[in-house]
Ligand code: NDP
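Okay, so here's just one chain, in structure tokens, the form predicted on its own.
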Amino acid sequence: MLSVKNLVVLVTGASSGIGLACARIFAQAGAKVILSARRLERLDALAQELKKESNTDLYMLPMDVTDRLQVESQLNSLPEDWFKIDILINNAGLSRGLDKLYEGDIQDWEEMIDTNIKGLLYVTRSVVPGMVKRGRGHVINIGSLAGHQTYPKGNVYCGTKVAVRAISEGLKQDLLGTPLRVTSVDPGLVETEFSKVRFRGDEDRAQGVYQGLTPLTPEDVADTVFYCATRPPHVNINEVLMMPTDQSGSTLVYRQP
């Protein structure tokens, strides 16, 4: 098992859900964690919370991954102690709406593409060259079951997660001959703010997604991310597809009557 103690870990979308859970598990293991998200107030609260739980260094990085110039500026101006990122967890992502393609909201499409694909690319492009130069690093992308199986009205969101899967595979190919590792962790139903964001704050509709079943938790996904990051250096977990026991596919879910 590889120790992450004192390694620098950058987590995007760290203010809630899977990102928050990843930040917590790495901080508790002694990693130096860069907490990145758009909401500075949430990052402040998270930093205070994690400082009480773990005796490790934290750095807050307010950043909108969809803004290429901001991403480049923020990552290129990190303090010396934080500049050499060892593990990048590309977690920032979202879904908007649930519509038939020909009835879809184009602004929703733009937001999903800009965040899930372009944002991931911007951060990766800024971080990975340093990893290659130093001869160490691990990129972990949070994908989705939606990148393996489409579902009705999920069209564009599914397309963005197929892209994440392909980008992960392509990056691994491009890094062949280096010690760098690339992993895609692709969960099914996870109870986070995901559905609340998709339905723009409609709590009842969001809760209905998980009604009658036991979904994955953010901690379940973070535990898998941590497992992948702590394998011996010669082991690369390329892809993990995980679902709750109550799910066996994008449209196959068992709900208690």
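Everything quoted here is computed from the prediction, not taken from an experiment. From 1 onward, residues are counted along the sequence shown.
The form predicted in complex with the ligand is left out here; the points below concern that form.
None of the heavy atoms of I85 is located within 4.5 Å of the ligand in the predicted bound form. With a 4.5 Å cutoff on heavy atoms, P187 counts as touching the ligand in the predicted bound form. Taking the partner from elsewhere, L10 is found to have every heavy atom lying beyond 4.5 Å of the ligand in the predicted bound form. Contact annotation for A14: at least one heavy atom lies within 4.5 Å of the ligand in the predicted bound form. Here the chain stands by itself, but in the predicted bound form one stretch of 62-70, 225-233, 23-31, 49-57, 62-70, has heavy atoms within 4.5 Å of the ligand.
Taking the ligand as it sits in the predicted bound form, the stretch 84-101 comes within 4.5 angstroms of it through a non-hydrogen atom at N91, A92, G93, L94.
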